[in-house]
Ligand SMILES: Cc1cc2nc3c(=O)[nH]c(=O)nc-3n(C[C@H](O)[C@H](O)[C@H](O)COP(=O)(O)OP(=O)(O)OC[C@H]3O[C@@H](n4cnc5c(N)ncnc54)[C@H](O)[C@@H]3O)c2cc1C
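First, one chain by itself in structure tokens, the form predicted on its own.
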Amino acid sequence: MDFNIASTREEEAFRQEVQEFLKQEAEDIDIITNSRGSFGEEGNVATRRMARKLGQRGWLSLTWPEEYGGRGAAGIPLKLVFTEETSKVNLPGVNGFGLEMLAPILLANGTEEQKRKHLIPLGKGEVFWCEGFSEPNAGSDLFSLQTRAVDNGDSFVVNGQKIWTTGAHRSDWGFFLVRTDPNAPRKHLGISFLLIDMKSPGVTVRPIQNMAGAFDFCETFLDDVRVPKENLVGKLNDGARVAGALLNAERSSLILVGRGARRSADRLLRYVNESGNNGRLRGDKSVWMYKLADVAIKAEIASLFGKYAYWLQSQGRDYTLMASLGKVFSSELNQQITDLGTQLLGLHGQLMRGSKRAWEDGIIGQTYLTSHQSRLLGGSSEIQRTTIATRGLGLPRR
């Protein structure tokens, strides 16, 4: 199978099916979109309701083997169509941590029992996952993590603290990196990959409010948490290798922020047209149109990065370089478009939700504040450039 961006009749028919579904589900989509990350129980219920609907259609597991609810290789082009269409509306209910990150790891490294136990409900939209990697003193230097898992017969006893565990307060399960051999000669050699039930005794989650007022991130405390040994993914002390593959999948999925940039560009285009008609536009309209065209073109390029990285992954080929290239390009594009929004609106671009003169209830100011995190998620831009230099250009590490 060769990489091809042209669509077949089957793919176009599927695209129309997805588009029709999105129209029908506009109410639940609007609940989440309008909440901007700070939704309460109503938003949580709407998200899970949407996940179940997507799962019933088999759209969450399109590329998985048929025995786990997927369509195998035939689902690969359909997954790309689904991703492209749903990213246009910021569809809720797609748990990226479970679907885009954990699922490929379980398919490649999990036991048959783990696959049956976790993939089936994940594909049905019944379970949400979070990621427990970063710690207060282990962010970019991930392998400095200190969370310990001590062998206790048929289980591990886990103690430690994780931070920036996105969505942990709404998750059913989490996948965690823990230190199982503190005496390993190199710090990455003594790490293992565990699946932890977030309702286990000893798990405490504290949401963190970001500067835009949303509660996406959390602190997660693990105090004498007992984890059955059957929840170990891969071999003992082989978590660094497993995590490396998972981070590639995360970077590949984060390329979707490029589609978010296209949504933002379309939003700004609407502002330019509205303001140009009523005389409120600052500066020359043609200049703003040129800048909007620039980011719109880059958004399409970001989409191609994502498609190609996903295709490489589906073919079992190394996509490390493409994931890092696309992640840098997309996250920095996201920053560019939010910067453009604040320039376009001037001082009005700083107004937040609730301000009577804020355009579209302060969406520009809020997206500006949250856009900076995209350059850090999944590894900072500096780390990605190191990967590009060493894996892509063959440059020495020192």
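Since this is a predicted model, take the numbers as computed values, not measurements. Numbers for residues come from their place in the sequence shown, where the first is 1.
Beyond the structure shown, there is the form predicted in complex with this ligand, which is absent from this document and is the topic of what follows.
The candidate spot formed by 82, 305 and 333 lies out of contact with this ligand in the predicted complex, as no residue has a heavy atom within 4.5 Å of it.
Contact between residue 382 and this ligand in the predicted complex is found at the 4.5 Å heavy atom cutoff.
Mapping the unseen interface onto this chain, residue 207 falls outside it, with no heavy atom inside 4.5 Å of this ligand in the predicted complex. Taking non-hydrogen atoms only, residue 233 never approaches this ligand to within 4.5 angstroms in the predicted complex. Although the partner is absent from this view, residue 314 stays clear of this ligand in the predicted complex, with no non-hydrogen atom inside 4.5 angstroms. Heavy atoms within 4.5 Å of this ligand in the predicted complex belong, among the stretches 105-113, 189-197, 160-168, 263-271, to residues of 160-168. Contact with this ligand in the predicted complex, defined as a heavy atom within 4.5 Å, holds for exactly one of 173, 288, 97, 319, namely 97. Among the residues 125, 92, 132, 239, the one placing a heavy atom within 4.5 Å of this ligand in the predicted complex is 132.
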